[in-house]
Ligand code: HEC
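Taking the form predicted on its own, here's one chain by itself in structure tokens.
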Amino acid sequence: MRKFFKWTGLTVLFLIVALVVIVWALQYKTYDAEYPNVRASSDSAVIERGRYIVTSLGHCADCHAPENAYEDVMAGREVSLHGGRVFKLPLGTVQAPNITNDPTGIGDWKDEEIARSLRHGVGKDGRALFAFMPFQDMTDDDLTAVISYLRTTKPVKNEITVRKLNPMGYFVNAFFIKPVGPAAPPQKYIAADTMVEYGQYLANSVSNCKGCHTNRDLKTGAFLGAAYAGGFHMESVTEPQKWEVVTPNLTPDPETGHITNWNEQKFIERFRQGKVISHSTMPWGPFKRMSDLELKAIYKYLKTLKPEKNDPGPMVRELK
């Protein structure tokens, strides 16, 4: 019996050590995603389109601006993107990186490396990135515009090193975090108009409405519920230790849809109003910069969604 327990114990110990070694080795696994044929342009109109996407539609400052610039971001002002909001996740703590044109940011990245990170979720070193950014299906022209604008930003020296994974984080990163690429071959161009197709493009591929208004697993980023039916729990941006925010249902369900009874004008006016709930994680500042054209397109698209009966409850809740 003693021999049995001895060999059982040794076997378990060996398996634990082997798992630790495998998990550690997989932290450095790399992927061979293709480099998009995208290069920065010096055309002023392209750069201005990139500025508009970065500062408004794509709300990049919501993550990449320093935390002491939060009030400026919420006021809709243009700020430096030298990093970075700190995210305390079930996997550990990570910080949004510097994306200014400095070597501590993306200054020594090639255009195609930036493009690959946005479209395929693969970093400069070939490792998979956490799927925070929803730009995999961005058009070639908009991707070009974003990179073109970022190349014009003032370089700010700010090395971001905060990435502290806990044991579960290392395990999930080893086995579950993989590159997220386009759902379909990306379009080269899409016309900016008030039609449903443009609203769908903005909501799903640029402004990340789906990413927050769909319930998802904070450990892996996987979607758990029906698209746009709400129920995603996020920590408050003002008192994260005490309060949380739960996203509302944006589908046109007659009973549980948050904006079911809103007309187009009310939808636009709500965005122009900006932040009202202090705990809200919605990037109201950047979104205030959206044009009526974009807001009309998004509104029309949301009205075409399949109604989903889901009442996520109060949007702001006190943590127990």
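Throughout, we count residues from 1 along the sequence that is shown. Being a predicted model, the structure only gives us computed values, none of them experimental.
Keep in mind that the form predicted together with this ligand is not shown, yet the notes after this line are about it.
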If contact means a heavy atom within 4.5 Å, which one of 145 to 153, 219 to 227, 179 to 187, 67 to 75 is the stretch that engages this ligand in the model of the complex? 145 to 153
If you check T247, Q136, S236, Q200 against this ligand in the model of the complex, which one has a heavy atom within 4.5 Å? T247
What is the one choice in V46, I268, A40, M290 with a heavy atom within 4.5 Å of this ligand in the model of the complex? M290
Spell out, yes or no, whether the shortest heavy atom distance between K29 and this ligand in the model of the complex is within 4.5 Å. no
Can you tell me if H258 lies within 4.5 angstroms of this ligand in the model of the complex, counting non-hydrogen atoms only? yes
A96 near this ligand in the model of the complex, any heavy atom under 4.5 Å? yes
Is H213 close enough to this ligand in the model of the complex to count, meaning some heavy atom within 4.5 Å? yes
Heavy atom within 4.5 Å of this ligand in the model of the complex: which residues of 198 to 217 qualify? S207, N208, C209, C212, H213
